[in-house]
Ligand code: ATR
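One chain comes next, on its own, written out as structure tokens in the form predicted alone.
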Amino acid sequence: MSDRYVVIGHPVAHSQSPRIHSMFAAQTGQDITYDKLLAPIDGFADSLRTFISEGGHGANVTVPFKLEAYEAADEVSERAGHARAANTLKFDAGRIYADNTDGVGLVRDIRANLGVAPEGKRVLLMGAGGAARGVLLPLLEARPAILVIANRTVEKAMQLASGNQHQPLAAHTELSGAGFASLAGQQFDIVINATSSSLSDELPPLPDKLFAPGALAYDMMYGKGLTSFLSYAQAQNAALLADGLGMLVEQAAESFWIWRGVRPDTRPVILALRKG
């Protein structure tokens, strides 16, 4: 019988994860099945227990359950601990191991697929919620020269930037939190939108001339066409525009490696998804 995996969320019908992991399995010869599991808003823990009792081997977790996935774990990775959220669960001998692969997926997409090295760069991370928390540690591990977290609520950005767990890494990076208004006059080499603004086709109140020559504009959301942020970046002469599809595939590849001990080739999968 094939080893069973699922993506758990609410909603979950739109998820590309089954298609991605099916391509990974075919490419690597792994015998797995991967399905979608719609959990009630107040029923994540019960849905998870049922899936484990039925012989499930692991799960990806999407909104709004990443915090509950973290809290359900018996053991958590450093990445999940920093993010206080998990998107990958592995079940072994009655224990739940939790990891967060979002940040490594983001950094791998930027470095390997887009050809931009974060080391020594000036990076702006927009947002201070769960998406930003999930990617902050891997971004710091990439050793940018400057990393500014900007948010509408300045206190949240400053709190995320000042977390004690980030201080050892911040020795290599000038890490700070700010409001959007204080970005005026600054320029960045990599600007990452980790807010939910693109879901509502809105744009954070960004100043002009934010993008340095050759800058990358990266929206963690993905879909057909440019998001409002990427349209703004294009009008502001950002040199490179990217949505979060590559990050989606790269974080899935990290989950696949955690589960199966095999690292798939992500490029043909990204190309297949781009084609529709």
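Just so you know, these numbers come straight off a predicted model, no measurement behind them. Residue numbers run from 1 along the displayed sequence.
Below, we refer to the form predicted together with the ligand, which is not included among the displayed structures.
Visitor: Given the stretches 146 to 154, 103 to 111, 181 to 189, 87 to 95, which is the single one in contact with the ligand in the predicted bound form, using a heavy atom cutoff of 4.5 Å?
Guide: After filtering at 4.5 Å, what remains is 146 to 154.
Visitor: Using a 4.5 Å heavy atom cut-off, state whether Glu75 contacts the ligand in the predicted bound form.
Guide: No, Glu75 stays farther than 4.5 Å from the ligand in the predicted bound form.
Visitor: With the cut-off set at 4.5 Å between non-hydrogen atoms, does Glu141 touch the ligand in the predicted bound form?
Guide: Glu141 lies outside the contact set for the ligand.
Visitor: Leu124 versus the ligand, in the predicted bound form: is there a non-hydrogen atom within 4.5 Å?
Guide: Close contact is absent here: in the predicted bound form, Leu124 is far from the ligand, nothing within 4.5 Å, heavy atoms only.
Visitor: Decide whether Ser196 counts as a contact residue for the ligand in the predicted bound form under a heavy atom distance cut-off of 4.5 Å.
Guide: Ser196: yes, in contact with the ligand in the predicted bound form.
Visitor: Ok, Gly163, Gly81, Gly120, Gly129: which has a heavy atom sitting within 4.5 Å of the ligand in the predicted bound form?
Guide: For this set of options, the contacting one is Gly129.
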